[in-house]
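Heads up, the chain below is alone and in the form predicted alone; it's given as structure tokens.
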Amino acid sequence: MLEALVAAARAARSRAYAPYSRFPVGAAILTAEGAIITGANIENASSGMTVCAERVAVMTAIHAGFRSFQKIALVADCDPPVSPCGACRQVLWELAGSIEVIMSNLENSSSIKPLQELYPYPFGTSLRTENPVNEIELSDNESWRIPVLFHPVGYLSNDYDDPDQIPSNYKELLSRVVIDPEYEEGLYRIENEERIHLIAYLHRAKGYTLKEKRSGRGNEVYGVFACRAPLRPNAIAQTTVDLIDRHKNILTVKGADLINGTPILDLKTVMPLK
């Protein structure tokens, strides 16, 4: 899990907004449930308004409903590896406790320390229980409105870098599903399946319309939930493919209508019709 956490922090650097320091930093925090939540530094012309990657990650995780954390990884282009600033050490102490801090750089040099070794005399207590929000109970018709976070388990690899490049005979063509090695054990016996569902995130999709003409349906108008339109309120796709082969964490599949680099959120087996 350490390698996956550092890799997520490295990837998170691409989401930084750092026009002033020119120093993008990525962070990834691991929850007790095994979820990985990322963050990157977000700067501002008023420098006091800048928020570091560590704080973005832990505050995003708190808002997503997580309360217990195991580790946090930081990645930046510097030597020695980047370490949390004093403000971040204080925030991490209160919100996450003395978690393990993995400090890394782009040369894969790393240093690992417990937070309390980096911050031996913190201010205040850790893991507060007096938060009045703890007493708020949302009804079922309210709680569903809170956005949910997903962490991809792998990605799709093929020769099509743009949706317009996917050929009409894609159902006959091969692609590879590359699963993060951390999840390889979850593929146990998947080679016994002939077909699987890929649950994917359409990372290039922007915007949506609730009704539009569908070329594949004679240009008749359909609602977005009544067809397979790629532009949707949530850019999630399900496509069913033939499973051709498995080699360790890599699946060869046939019939994927997805572009190269599409994040894969999950795999599901195809249940036989009764």
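Given the structure is predicted, the values throughout are model-derived calculations rather than measurements. Residues carry their position along the shown sequence, with the first being 1.
The form predicted in complex with ligand THU exists for this protein as well; it is not shown, and the discussion that follows is about that form.
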Pick the stretch from 47-55, 241-249, 220-228, 201-209 whose residues have a heavy atom within 4.5 Å of ligand THU in the model of the complex.
47-55
Between the options Val177, Ile102, Leu115, Val82, which residue brings a heavy atom to within 4.5 Å of ligand THU in the model of the complex?
Val82
Against ligand THU in the model of the complex, would Leu74 count as a contact residue? Criterion: heavy atoms within 4.5 Å.
yes
In the model of the complex, does Asn41 come within 4.5 Å of ligand THU, counting heavy atoms only?
yes
Heavy atoms within 4.5 Å of ligand THU in the model of the complex: does Val25 have any?
yes
Interface membership of Asn260, ligand THU in the model of the complex, 4.5 Å heavy atom rule
no
Are there residues in 1-21 with a heavy atom within 4.5 Å of ligand THU in the model of the complex, and which are they, in order?
Ser21
